[in-house]
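Quick heads-up: it's one chain on its own, the form predicted on its own, in structure tokens.
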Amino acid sequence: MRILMFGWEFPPHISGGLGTACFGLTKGLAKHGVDVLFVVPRAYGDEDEQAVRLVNASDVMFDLEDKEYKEFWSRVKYMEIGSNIIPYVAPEDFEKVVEKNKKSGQEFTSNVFSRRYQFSGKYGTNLMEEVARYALIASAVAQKEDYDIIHAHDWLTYPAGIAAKKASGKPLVVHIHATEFDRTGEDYNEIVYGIEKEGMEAADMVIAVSNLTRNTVINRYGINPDKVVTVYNAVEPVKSKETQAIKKNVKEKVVTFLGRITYQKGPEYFIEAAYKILQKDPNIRFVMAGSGDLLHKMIERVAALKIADKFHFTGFLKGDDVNHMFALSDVFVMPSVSEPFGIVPLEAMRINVPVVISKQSGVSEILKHALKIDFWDVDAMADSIYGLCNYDALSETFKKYGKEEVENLKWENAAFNVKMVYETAFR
């Protein structure tokens, strides 16, 4: 079986969990005899292609006069882009791309239709331009390559998936890693919601990363339950020797938040819990690793609470730096307001770090050896962190059984379930 897969990022050039999930899934699919052609906006040349062949969309050229491209262009939807709709990234400040200006702008049109186009692969001011060009590239690739199934990850690639399906007639599977409701709550962008809905409706099968997400897809987007399947994410194993040599240079316990510092991840609740704990036990340090649109607000809140001497901001971490941070941590906390899945707790548990996670996360559906709290219950969060920091028997129990539990969550197993979805779509 051969898959034409569309994604916006691929390790080591990632901004969050989406790229990590794509990498793990492609490796797992390879073990089940599935070949993947992965189209990414921009390839840098240092990606791991042992289990996947990457196509750099920046290298794909097409005939500017081809009527199919012109027809597609007439159907391209434009949207107003705001930082609150960007999934799985450390949000950057960028200008809004306004529909009426861009749609009539000759520069925008000529850029997208240029014979060669250099994607940035980022989430900046030209995001909509890149999404439009990416969809056009998808129709070009779809007509040239040999494959059985099209697989598109999250809304930025849904137009590409739809274009490829129209060009080839092959079945389309879309993968929901996060919905507009996860990113923004009820203050959602209606046009982005429409793009997500259109992608799901066009798909032959829809993969949700949790039952939480599956219910959202069915109830908020009106998608037929018969074609929506839950496939949980997994985690890559880590070699123990990679973290054994790392030593902590402080005597205090270290409690870590690692993720985008934005509404969805609930960073403010972590800070309030830290304040409560420090009133009772000053021998704990707190780390907020990541970047995002709420970073400056969180720094100001820490300063206002006068706990800056016990609170550290590291900025965005990736790759080995993430494992190093976990190796220095005694507790990991994920207080997400709405988390479709949440791979980061699994990454912490595989390095023997006990975790506190919100009940409003998909990963809470499958984890047994994690302390689970409501994201808004700061007292419960503080009690859980305090207990793991001060009661060794509790901490050691969660370390031991948590690591064993995570070691059984393999991408190979997740990929097997995804392959079953492919076979259903192919019938």
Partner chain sequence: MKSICLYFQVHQPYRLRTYRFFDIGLNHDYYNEFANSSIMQRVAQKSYLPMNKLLLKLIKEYGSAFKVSFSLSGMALEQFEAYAPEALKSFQELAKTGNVEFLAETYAHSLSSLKDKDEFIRQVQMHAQKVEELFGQKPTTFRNTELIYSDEIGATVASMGFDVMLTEGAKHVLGWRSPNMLYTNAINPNLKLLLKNFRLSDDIAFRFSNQGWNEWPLTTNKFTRWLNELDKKDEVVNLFMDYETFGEHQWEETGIFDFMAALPGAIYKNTDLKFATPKELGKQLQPVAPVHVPYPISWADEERDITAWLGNDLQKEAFDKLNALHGKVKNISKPDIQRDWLYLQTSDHFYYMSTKWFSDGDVHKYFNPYGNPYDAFINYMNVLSDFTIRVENEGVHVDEELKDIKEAVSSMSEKAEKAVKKTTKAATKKVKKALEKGKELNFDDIKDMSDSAIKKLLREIDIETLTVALKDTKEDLTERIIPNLGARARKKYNELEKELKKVKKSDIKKYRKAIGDKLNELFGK
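Residue numbers count along the first chain shown, from 1. Since the model is a prediction, treat every value here as computed from it, not as a measurement.
Just so it is clear, the following notes concern the form predicted together with the partner chain, a form of the same protein that is not shown.
- When the partner chain is considered in the model of the complex, Lys197 lies well away from it, no heavy atom lying within 4.5 Å.
- Not displayed here, the partner chain is approached by Lys306 to within 4.5 Å at the level of heavy atoms in the model of the complex.
- The closest non-hydrogen atom of His296 lies within 4.5 Å of the partner chain in the model of the complex.
- The closest non-hydrogen atom of Glu190 lies beyond 4.5 Å of the partner chain in the model of the complex.
- Though the partner chain is absent from this view, in the model of the complex it lies within 4.5 Å of a heavy atom of just one residue from Lys227, Lys276, His324, Lys170, which is His324.
- Contact with the partner chain in the model of the complex, defined as a heavy atom within 4.5 Å, holds for exactly one of Arg214, Arg133, Lys265, Arg285, namely Arg285.
- Checking 171-179, 205-213, 230-238, 246-254 against the partner chain in the model of the complex, the stretch whose residues place heavy atoms within 4.5 Å of it is 246-254.
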